[in-house]
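Encoded as structure tokens, the following chain is the form predicted on its own, with no partner shown.
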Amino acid sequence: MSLRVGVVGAGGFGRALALASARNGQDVVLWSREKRELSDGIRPSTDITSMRDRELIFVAVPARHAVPMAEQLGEVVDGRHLMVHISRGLIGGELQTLTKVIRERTVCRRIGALAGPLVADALAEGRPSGAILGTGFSELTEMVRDAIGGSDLRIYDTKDVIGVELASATVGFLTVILGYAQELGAEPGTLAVVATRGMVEISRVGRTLGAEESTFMGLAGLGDLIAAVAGDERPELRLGRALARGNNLQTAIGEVGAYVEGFEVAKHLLEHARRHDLETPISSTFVAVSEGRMTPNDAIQALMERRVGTE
């Protein structure tokens, strides 16, 4: 029997999740605020109550919409539902993750976060890729594998949910930085320093919230970042390049054609780090550049000239 899958959000990733599920023979409903023309095998809906009879629900909305979306879902779901979000965002300086938001605003407890080197185009087209699911529920892992997994998509799992969410969010803004640096002609060594030190930086933040350091060096963190640098052409990479060509932020976002959460994430991480007296030079520099307080060239030079310590 097919699995009843619901997808909330019809952006690039929402549509890709729906396509992957339909390709696996699942019964798929895709909810969005506006009517959409969809591929065969996917039923569109603008009524959130259409999620009530779904078994597995993917939440594919930006973090800034997560609270009202979770509140809407809270009116229609119950303890039988399993829910997975796929977002590179965080909420507020307290670093609320989307699993926390869902848990607080719905009665669902079997929740997970899907992350890793997974991009919407590859998922939609069925190209070989991999992902990591952060969850404490083995039945959720199996259901997600049934829904979208297979020989072309390897889905690993870990119980370190918050580590997965923090690592994924960090990769989002680090990829913007790396795309910018690539467009400016930065050497591979420079990219490697920024990438690895960025993951070390966020692992310090993660430890204050109970995350495991190894998660940041796995698929959710460094693995995802390797895919970005290798050129998987995700929106964050294209945004960084567009900014490096001299476009302002709004023009660059329009050119990319996708919402990127990296700027909000960096600010939230910086607020949290300051409260815990943590050193976060890459996050701080990224925020300074995005707010126009530092030029990109000065930022790269400042990072490379920092005092060298022990790895």
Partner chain sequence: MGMLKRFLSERPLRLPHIRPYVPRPSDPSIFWFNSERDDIVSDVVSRICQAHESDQSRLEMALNDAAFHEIRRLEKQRDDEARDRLGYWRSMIRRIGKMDASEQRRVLHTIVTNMARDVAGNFDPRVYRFARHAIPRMIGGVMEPRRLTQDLMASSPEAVGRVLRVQGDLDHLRYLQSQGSLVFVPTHSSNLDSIVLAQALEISGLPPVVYGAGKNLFTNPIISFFMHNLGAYRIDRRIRVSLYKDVLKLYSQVMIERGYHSLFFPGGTRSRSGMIERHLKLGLLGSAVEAFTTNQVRRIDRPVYFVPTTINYALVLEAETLIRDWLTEEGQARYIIEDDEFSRIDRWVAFFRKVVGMRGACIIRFGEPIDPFGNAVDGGGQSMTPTGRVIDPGGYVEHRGKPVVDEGRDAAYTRELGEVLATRYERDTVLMSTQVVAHVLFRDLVQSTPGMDLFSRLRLRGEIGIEREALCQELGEARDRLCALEARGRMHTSEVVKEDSPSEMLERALSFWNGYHDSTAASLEGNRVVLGDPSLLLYYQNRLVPYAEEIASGDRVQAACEIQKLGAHR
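Numbering follows the first chain given and starts at 1. Because the structure is a prediction, the values reported are computed rather than measured. In this text, rigid core is short for the largest set of C-alphas that superpose within 1.5 Å between two forms.
One more form of this protein, predicted together with its partner chain, exists but is not displayed; see below.
Next item on the list: With heavy atoms only and a cut-off of 4.5 Å, decide whether residue 139 touches its partner chain in the model of the complex.
Entry: Heavy-atom contact with its partner chain at 4.5 Å: present for residue 139.
Check: Going by a heavy atom distance of 4.5 Å, is residue 277 a contact of its partner chain in the model of the complex?
Finding: The answer is yes: residue 277 has a heavy atom within 4.5 Å of its partner chain.
Checklist line | Exercise: residue 241 in contact with its partner chain in the model of the complex, heavy atom 4.5 Å | finding: Flag for residue 241 set to no.
Check: Would residue 204 sit within 4.5 Å of its partner chain in the model of the complex, counting heavy atoms only?
Finding: Contact with its partner chain, no.
Next item on the list: Please pick, from 197, 109, 127, 154, the one residue with any non-hydrogen atom lying within 4.5 angstroms of its partner chain in the model of the complex.
Entry: Looking at 197, 109, 127, 154 one by one, just 109 meets the 4.5 Å heavy-atom criterion.
Next item on the list: Could you check which residue among 183, 104, 121, 213 gets a heavy atom within 4.5 Å of its partner chain in the model of the complex?
Entry: Contact check passes for 104.
Margin query: Quick check for you: of 219-227, 169-177, 84-92, 130-138, which stretch puts a non-hydrogen atom within 4.5 Å of its partner chain in the model of the complex?
Written below: Result for this chain: 130-138.
Checklist line | Contacts with its partner chain in the model of the complex - residues in 149-164 whose heavy atoms fall within 4.5 Å | finding: Stretch hits: a single one, 159.
Checklist line | Flag for residue 275, CA shift 2 Å or larger between this form and the one not shown after aligning core | finding: Comparing the forms between this form and the one not shown, which are aligned on their rigid core, residue 275 does shift its C-alpha by 2 Å or more.
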